[in-house]
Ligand SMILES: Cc1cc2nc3c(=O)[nH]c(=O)nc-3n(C[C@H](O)[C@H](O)[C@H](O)COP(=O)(O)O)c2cc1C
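Shown here is one chain on its own, the form predicted alone, set out as structure tokens.
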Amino acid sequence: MTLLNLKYPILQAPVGSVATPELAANVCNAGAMGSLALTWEKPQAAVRLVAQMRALTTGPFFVNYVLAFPPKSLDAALEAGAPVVTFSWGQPGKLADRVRCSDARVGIQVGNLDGAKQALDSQADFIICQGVEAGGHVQSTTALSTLLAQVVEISGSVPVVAAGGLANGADLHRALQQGAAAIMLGTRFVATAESRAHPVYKQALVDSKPGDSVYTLCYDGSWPYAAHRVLRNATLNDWESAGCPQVGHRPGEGETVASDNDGYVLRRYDDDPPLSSMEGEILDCCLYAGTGCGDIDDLPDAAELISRIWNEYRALSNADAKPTIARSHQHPGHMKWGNDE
């Protein structure tokens, strides 16, 4: 994407409270693109977080707003200098104009073809194409490979970022061959040294196997009826065994499963992931994970992970004996990156 001169076509998904400025900035400093989730942050906190990012990196980063909730800190983040804003779980409408008036770029996450058409009508600078394989809250019910082909076909000069169940260089290779400009990884960055996820949660990702992630409505918190993908655990098993009962009738509902010294409490069925500062029954918490979790077998730092993914991608490209990168650059919507190491 010529408007963001990334060294590597890799984006770190805005993985809620698990992402820190340190993780996002290290992703940026490694030549990819980091992000922060600001939906639930107050304006003052958003200003502080954006300022931290600008102090830690000169690379482009983005902040995300989930439009199932009011973007109360958007203006503050823009005034603080957020260079790119992405929107998910909704179309931004006039919010996109507000972002552009601040000389920032707009990305819109979509889960189907009609959503992509609306994003193009909103003049998105890039589209994030999320497949049902994604971890966390999932706004799509369509397989990424199917949806990506549909969205790339209509995107024209607008870059498309593939997201959902991606974890390694083989996934990058496949997505670029299918016409994506870049990939966005969430679960794989949760399992990094800089992530704020609890060590037990991280280890559960390392220990997971293909097929261990589940698409469900089990966890709700303050966001009911929002589908999500998590690792199977005792909370999910007990809920399903009871017949998937509604709120107010779920096994163990209201029990505290984890907490920290600052009074932050996670109750059974809360949709917040466990953080490193917490103690309790960590494995009973909401453990977001995409279908690519089976490809996670270590906890590298962000820079090491990005380098590894790129090297895996280049090895596959060389094995193909095809000018994959050159061909990619012929697509007018592809991200521009300048790495041939």
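In this text, residue numbers run from 1 along the sequence as written. Only a predicted model underlies this, so the values are computations on that prediction, with no experimental measurement involved.
Heads up, the form predicted in complex with the ligand isn't pictured, but that's what we're talking about next.
Residue 66 is the only one of 282, 66, 33, 53 with a heavy atom lying within 4.5 Å of the ligand in the model of the complex. Checking 184, 160, 175, 85 against the ligand in the model of the complex, a heavy atom within 4.5 Å turns up for just one residue: 184. Three-residue candidate spot 165, 201 and 288; every residue lies within 4.5 angstroms of the ligand in the model of the complex by at least one non-hydrogen atom.
Using a 4.5 angstroms limit between non-hydrogen atoms, residue 190 touches the ligand in the model of the complex. Using a 4.5 Å cutoff between non-hydrogen atoms, residue 135 counts as a contact of the ligand in the model of the complex. At the 4.5 Å threshold, heavy atoms of residue 28 stay clear of the ligand in the model of the complex, well away from it. Using a 4.5 angstroms limit between non-hydrogen atoms, residue 24 is distant from the ligand in the model of the complex. Picking from 112-120, 127-135, 151-159, 236-244 the stretch near the ligand in the model of the complex, with a 4.5 Å limit on heavy atoms, gives 127-135.
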